[in-house]
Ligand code: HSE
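This document starts with one chain, in the form predicted on its own, laid out as structure tokens.
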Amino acid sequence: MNRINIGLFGFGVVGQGIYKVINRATNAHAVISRICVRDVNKPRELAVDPSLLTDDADRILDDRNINLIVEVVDDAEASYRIVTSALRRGIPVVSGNKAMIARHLPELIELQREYDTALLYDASSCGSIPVIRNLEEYYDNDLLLEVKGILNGSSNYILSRVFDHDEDYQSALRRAQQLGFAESDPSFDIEGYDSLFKLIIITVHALGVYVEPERIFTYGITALSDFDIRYAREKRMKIKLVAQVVKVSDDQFTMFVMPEFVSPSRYIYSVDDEYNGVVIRGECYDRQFMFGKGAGSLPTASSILSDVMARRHGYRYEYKKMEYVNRPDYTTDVTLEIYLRYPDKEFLDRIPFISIGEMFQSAEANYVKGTIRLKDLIDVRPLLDNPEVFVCNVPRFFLELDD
């Protein structure tokens, strides 16, 4: 590939960042040939040649001079149409849409094989941190035990303001929205779905197994209260929204997204503001830690540029772990320890704890700490959508290795 002629879909904050980065990276030998937008007449902060703009996707997809599609639209359905249309035409694609990729990854893998082309998406998980390609290449063995971390910058920024700057939760959320770290509707981030979709993609490259989003326990920080914050502080811990995939045996693994009590001895304790941090654990190398900005215009654009450069050298994901004979199976038959703030005894009686080790009741709030099977927690998941309820994980996996 002598020169990369890019057809860019999406020209919002990330798209404009990509335009800046591509024009700055002379060694990429890449140029943005055309940009597809919803409204070609919309005023934009970044001035571009109007002749580059189009609102007709086919003007890019049918242009034989364009040899790479870069897609950063914020609509998952539109993203799916663009990516699948390009792959069926044999045009390689770079995408950052984690929701679309996580929901359609098996089909997207098949399309790459059928039409002998490539889809790269390092930017979909953890922004500037090269998690996907490292899991695909460096950790290309069956010694991987765990991938765990903070995968969402918006929720982490909010929790950082709470625990490091003594702000209340609602004030921290408003600040995150004002600074652009959280959307006007922040539910995708703070309810854990952004982290969930990233975790699904990571798991394919970590263990070679795809798990549908609906099968994974996902719980966010929406109902976090002052009581929960005080409890964590009294225990000298922070609360972080953590996503993790863990091998619980040679034959099985589990995965979930939920708030977690994090002690100062853990690497992710000091991952603050809009940063992401990922801990990768293996049988022979213990823990390795990756840290960096997980979102934003230029950090995401830098990851997109890395994928563009990779395509220049013919790189593609091989999904080698999906061909392993002895891939582990996903299980929810594992025991967790959780903190549960609950409204009354009637509610508590509906939660199938195996055992309860700590209980507190007061006029302000009630909580218990106890053990519960993940599959039972999934069964009662609808009950947890209650502002008087908050669930937080008390970590149990690999504690004996962290002493």
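Worth saying up front: this structure is predicted, and the values here are computed from it rather than measured. When you see a residue number, it is the position in the sequence shown, counting from 1. Rigid core (definition): largest C-alpha set, two forms, superposition within 1.5 Å.
The following text describes the form predicted in complex with the named molecule, which does not appear among the structures shown.
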With the named molecule left out here, work out from 243 to 251, 176 to 184, 312 to 320, 84 to 92 which stretch has heavy atoms within 4.5 Å of it in the predicted bound form.
176 to 184
Taking the named molecule in the predicted bound form as the reference, which of K238, K148, H205, K198 has a non-hydrogen atom within 4.5 Å?
K198
The one option of D228, D122, D189, E260 with any heavy atom within 4.5 Å of the named molecule in the predicted bound form is D189
Within a 4.5 Å heavy atom cut-off, is D194 in contact with the named molecule in the predicted bound form?
yes
Could you tell me if G277 has a non-hydrogen atom within 4.5 Å of the named molecule in the predicted bound form?
no
So, in the predicted bound form, is S303 in contact with the named molecule at a 4.5 angstroms heavy atom limit?
no
Any non-hydrogen atom of S79 within 4.5 angstroms of the named molecule in the predicted bound form:
no
For the heavy atom contacts within 4.5 Å of the named molecule in the predicted bound form, list the residues of 207 to 224 involved, in sequence order.
none
Just checking, between the shown form and the other one and with the core aligned, does I304 shift 2 Å or more at the CA?
no
C-alpha of I239 off by 2 Å or more between the shown form and the other one on rigid core
no
Rigid core superposed: L173 CA moves 2 Å or more between the shown form and the other one
yes
